[in-house]
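Next up: the same protein chain in two forms, each one alone, written as structure tokens (structure 1, then structure 2).
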Structure 1
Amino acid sequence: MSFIVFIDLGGKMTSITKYITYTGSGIRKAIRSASQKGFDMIPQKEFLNSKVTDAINYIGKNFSSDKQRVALGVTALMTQPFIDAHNKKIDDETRRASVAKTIAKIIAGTATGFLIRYGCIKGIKALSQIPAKNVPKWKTIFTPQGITDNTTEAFQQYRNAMGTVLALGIMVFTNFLIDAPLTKLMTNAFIKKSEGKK
């Protein structure tokens, strides 16, 4: 992006657009170069084992964003509280509070993330039916024009992607309306539990 800026030099207006464009171009080149070097560092691997490639293909096709959110949540629950619990740089009370908050945040985020994604994907599926005489028009509002077959892999991926996009929009609000209050409530309950209070 270029910006035109003029400087008044003794009554003469001087454009410094070229300078800004040159600087911006240099920054973009540096970012591209660094990104390429990062990609080049990733080792290349060719999987010849059909079981490995079949498993990768299966996961790619069948693990939509709601299932991915659960997988991330389970992984986080198995690792992050353990790390917090073994942080020797803080006192016991702070450590217990940290573990409680971490567990609460993971559970709240995973639960709401899964439910919203799952519901949005199901909703998009219900509202992307193939147009027909017996199908109400409102059930086709998310159906792309010209689609006559809803069983293709590409159409299924479209539904998952649309559901995920819709869920991301909704979660901008639910992070404040649901996740934060639920995390606070669960954190307080877990802290009381760890202190032996009822």
Structure 2
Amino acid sequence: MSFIVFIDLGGKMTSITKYITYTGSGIRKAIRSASQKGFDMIPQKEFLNSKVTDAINYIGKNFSSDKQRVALGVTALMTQPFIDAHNKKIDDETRRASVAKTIAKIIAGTATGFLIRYGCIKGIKALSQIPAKNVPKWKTIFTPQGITDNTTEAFQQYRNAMGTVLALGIMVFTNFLIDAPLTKLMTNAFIKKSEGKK
């Protein structure tokens, strides 16, 4: 194959392109074949129980970012302080402060993160009504153009997405105004408590 390329370098450029395409498709085939082999190692799974299927469908429809934030916060409280408490690379005092800061950060971050996301998603829901005679214009400010049905799953997910984006914008400020002072306050309280336990 390299011979053909060498000849073609002085002549037709199209042949070089063909060679590259050929090589490219060869690599693609190899990657695809390797992916398929790896994929085949995963066993097939069919959910037979309708309760499980219904639960999965329900989560897909109703589990928005505010609920995800709570799930992250709760699991964070179960793992992160434990990881920090077992960090042997730092001294005892730093470790205690690190655990206290982590717990405080999780509580402050989860509380504000959940409340702001929840509020924004609710707010967007109120301001994304379907245009109608009896609906004031300002209540349709976040309605995408051409939407006539507010019961579709896609529209509910759009509301969640828009609410989450708005919440993220607000949280740029609440990070300084609420999270940081609250984390500091709680960290000091937790350190004091852990020192009292020594």
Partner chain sequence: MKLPSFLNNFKNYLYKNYGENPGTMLVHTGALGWVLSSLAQIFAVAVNDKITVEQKSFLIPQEIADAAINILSFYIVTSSVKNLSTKLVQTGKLTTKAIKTQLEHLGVAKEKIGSFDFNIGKLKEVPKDYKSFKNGVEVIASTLGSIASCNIITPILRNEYAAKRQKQIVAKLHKNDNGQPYKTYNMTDFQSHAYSNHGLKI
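So that the term is clear: the rigid core is the largest set of C-alpha atoms that superpose within 1.5 Å between two forms. For clarity, every value in this text was computed on a predicted model and none was experimentally measured. Here, a residue number simply tells you its place in the sequence of structure 1, counted from 1.
Undergrad: Among the two displayed forms of the chain, which is the form predicted in complex with the partner chain?
TA: Answer to the question: structure 2 is the form predicted in complex with the partner chain, whereas structure 1 comes from elsewhere.
Undergrad: Would you say Lys125 moves between structure 1 and structure 2, meaning its CA shifts by 2 Å or more once the core is fitted?
TA: No, the C-alpha position differs by under 2 Å between structure 1 and structure 2.
Undergrad: Is the C-alpha displacement of Arg95 equal to or greater than 2 Å between structure 1 and structure 2 once the rigid core has been superposed?
TA: Passes the 2 Å threshold, so yes.
Undergrad: Take the rigid core as the frame of reference and indicate whether the C-alpha of Arg32 shifts by 2 Å or more between structure 1 and structure 2.
TA: Shift at Arg32: 2 Å or more after core fit.
Undergrad: So, with the core fitted, how far does His86 move at its Cα between structure 1 and structure 2, in angstrom?
TA: Shift of His86 at C-alpha, rigid core superposed: 2.7 Å.
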